[in-house]
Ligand SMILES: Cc1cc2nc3c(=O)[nH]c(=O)nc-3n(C[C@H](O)[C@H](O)[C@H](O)COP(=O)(O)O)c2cc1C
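Here's a solo chain for you in structure tokens, the form predicted on its own.
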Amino acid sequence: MPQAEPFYNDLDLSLAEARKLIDGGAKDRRHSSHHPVVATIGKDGLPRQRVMILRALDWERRLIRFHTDWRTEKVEELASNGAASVLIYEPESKVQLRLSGKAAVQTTGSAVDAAWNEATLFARRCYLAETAPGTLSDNPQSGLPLWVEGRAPSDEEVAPARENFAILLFEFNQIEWLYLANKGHRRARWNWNSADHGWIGNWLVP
């Protein structure tokens, strides 16, 4: 039987591995955790899920950054109910992470400006959509102006898209870890203790 991973029976090492997994998704667009599922609560009270791009992790502040169009329905949903969760699954290591917390959208400020400036021209192009994402349409379409379809715009051409750009900041206060192993699965949960400014972890039955 293969030797167990070092984190197999160690809560601290498992938490470190969870952090490594999130950070990998933020730094490497080819990493499997670069495309987590983000869930929010809709105006009808039902859960809403979508795949988003993990842009950055600030572990000390427990923040994950995503980019979004401020005109999307989820922005209005988060304004009334900020509860959110993020699901990550890494098939190679067979690790699943469920992060729980709250999310908020920012459209102005230095953090938004910095995120916009670091985005590629192709990424910024998405925010040139002439109508809000999710708007009903009689025909299949990209939503982009015809003049920009299939090519990267210039800085000048994409400048008007800035007004539609926003960042979604997800602050997590709970991490649930599931490691799938032939020897026997391992599951744990950490809750943020604001009084001690640290994570409190416990093993769970998988």
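If you're wondering where the values come from, they're calculated on a predicted model, not measured in any experiment. One-based numbering along the sequence shown.
Omitted here: the form predicted together with the ligand. The next part is about that form.
A residue is said to contact a partner when one of its heavy atoms sits within 4.5 Å of a partner heavy atom; Leu169 fails this definition for the ligand in the model of the complex, lying far away. Looking at Val51, you'd find a heavy atom of it within 4.5 angstroms of the ligand in the model of the complex. In the model of the complex, Asp113 stays away from the ligand, with no heavy atom inside 4.5 Å. Although the partner is absent here, Ser85 is not a contact residue: none of its heavy atoms lies within 4.5 angstroms of the ligand in the model of the complex. Contact with the ligand in the model of the complex, defined as a heavy atom within 4.5 Å, is made by all three of Arg55, His67 and Thr72.
Note on the interface: of 87 to 95, 73 to 81, 102 to 110, 115 to 123, the segment with non-hydrogen atoms within 4.5 angstroms of the ligand in the model of the complex is 73 to 81.
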